[in-house]
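One chain comes next, on its own, written as structure tokens: the form predicted alone.
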């Protein structure tokens, strides 16, 4: 009997389910569901870097996508043997003592603080600073050392601390908190004891300062010094964590009825999208996987022998088993990648939305058609014109920090900047400067890994940007001075989740073997162009000077503010 598995990939805007043949990784069918409340802009305030999502968006998408792939495939339910979910992270949400999302409890349905705090939410900058300061000065274990030495406002404890201070009602009503991948896995599973439910090693290690050497999460004493509510919360979280080749439970009766599957369907321990994507892209040692979408995650794996006692500085953690059991997973990334270009497009579209759409010179139908044409064609036209700009032209220098800096050395207070503008600067010049900037940000990550002794022999690009923009990929190859191959699959994270599901079901003995059998092939390769590599090295030096200037002045401003506050 042939066996099939389902991988679910929860992104920022939508969830996609793929039904995969475990023999060869081929996609039988897929289904996507966009988050309706998120699409309407509810519960968010971008100007304050406040991004929340209602769990109902995710639950509705869960039912729709799984039931659709089961129904449309026509495959008998008993042949669909396992499900694994990957999500964004760190994206924690508060839950009651029975694991119900707090936003589903009467009285909290419209309260953003009771919802999932999305990965890109940066409202916890001050709390992250407190965690970093305490970790360095309290006299005990530095719990940030396996997190790159800097704790980020994007991560678990900082977000919980911020919500607890901002909303006492949520703090008092939240029995516990769960990462998005753990919550959805728990929702499907028949294992309903929060105390013993298998939490994701990937989520806990990279975002919650969990490590075996200090018996799990940071100590109660450390957390109490931040806030007594965190110390009390620790006992209601978890001690052990689990890799995503393990069984979390079996599909419960409620969700078997909703999806058309059986209660014998295995529910696999959840994980994060980037780490799952690396598995879907056949990650190996000394290979850098770049998951390139709105932001980036950069994933590597290394043996314990290769890493030794090294704690790689300024990254998003090194965690045993977070990608492949038995190997150390290393994570870095950029807080904005595609988002940098989307921001620029939104600026250029402003007169269309605010002037043309209110014009009385053309009909409503013409307005809508023109707006749609510009929306879909703007980036393509900018790309074509940017490609024509000769190397001899002066192109502005830009920073990619429009959403802060994730790595190396997390600092979400940093802002982007553009220099060397002139009257000769046109829209394609600025677009090219922004493309250069996101590639220079990637170069900083590669340099940090190699400076810390982690060798990179191969770069694999996955995600929408990698597949859709040869211009960006060629620029990246030139900046890195390395060849880059692009994974062929549209759904590499979901495919990686399917790999984990196949291993948990016993179809393959190891994640490595399943990844090589089921993982994506490659569709394109970009080689650095020798005549352009030196040009980009010179531009990189200018990028670094601008980065140093902005970072220095940001620090001066913060120091002055601290003096004023004291």
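Worth saying up front: this structure is predicted, and the values here are computed from it rather than measured. Positions refer to the first chain, counted from 1.
In what follows, reference is made to the form predicted together with a small molecule, a form of this protein that is not presented.
- Residues within 4.5 angstroms of the small molecule in the predicted bound form, judged by any non-hydrogen atom, belong to 295 to 303 and to none of the other stretches in 362 to 370, 295 to 303, 349 to 357, 443 to 451.
- In the predicted bound form, residue 89 approaches the small molecule with a heavy atom inside 4.5 Å.
- Although the partner is absent here, residue 85 lies well away from the small molecule in the predicted bound form, with no heavy atom inside 4.5 Å.
- With a 4.5 Å cutoff on heavy atoms, residue 207 counts as touching the small molecule in the predicted bound form.
- The shortest heavy atom separation between residue 182 and the small molecule in the predicted bound form exceeds 4.5 Å.
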